[in-house]
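What follows is one chain in structure tokens, specifically the form predicted on its own.
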């Protein structure tokens, strides 16, 4: 193989769709969605934008592809030989931790709609729901409740993580401020919110997230037992 052929092969490998996606993930992790441009990606890959456009249509396509890559790793890491409830819990925590590690993925997942990242999650949640004995007529509503909870709460936590990483405000400072404000509310008009003020200072987001999953699973049990 001559030097020209070797050089061409190296360029082709560096500009594969997979390499572009990995570079995009690295940029997203370090600078967030605003830092991902075709210029920044071109500089990181030492190539021109035209070579990238050969593999990626636009930024939306790139974000979905990057999101799909980390979702694929997350679901593939989940053991398949597990009970339905355990499988749902493990998957949910995997998605939560994924968005904690890659905060940009929270909004990217929500915008992905019915594309492959969501399909991968559905393909793991759905069989577990089916194995729990949920009637076919109620499976979509059940899966949707689980999916919307995972994405919604996970994305909110990811947004909080991004805010903390920006240096604009620390999590403890934010919670202290909210807690102080709630504790000053009129007890006659806002008794419950006021009672939750002290809880904010010590709660664990990850444990609260899993508690919500368990509430949905309890609802599935109740619904099945009444059928």
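For clarity, a rigid core is taken as the largest C-alpha set superposing within 1.5 Å between two forms. Not measured: the values here are computed from a predicted model. Positions refer to the first chain, counted from 1.
FYI, the form predicted in complex with another copy of the chain isn't displayed, but the following is about it.
Among residues of the shown chain, residue 101 is not one whose heavy atoms approach another copy of the chain to within 4.5 Å in the model of the complex. Although the partner is absent here, residue 53 lies well away from another copy of the chain in the model of the complex, with no heavy atom inside 4.5 Å. When contacts are judged by a 4.5 Å heavy atom cut-off, residue 38 does not count as touching another copy of the chain in the model of the complex.
Although the partner is absent here, residue 172 lies well away from another copy of the chain in the model of the complex, with no heavy atom inside 4.5 Å. Using a 4.5 angstroms heavy atom cutoff to another copy of the chain in the model of the complex, all of 122, 151 and 193 count as contacting. Contacts of stretch 92-113 with another copy of the chain in the model of the complex, defined by any heavy atom lying within 4.5 Å, are made by 110, 111, 113, listed in sequence order.
Once both forms are fitted on their rigid core, the CA atom of residue 188 lies 2 Å or more apart between the shown form and the other one.
Residue 198: CA moves 2 Å or more between the shown form and the other one after rigid-core fitting. When the rigid core is held fixed, the Cα atom of residue 179 travels 2 angstroms or more between the shown form and the other one.
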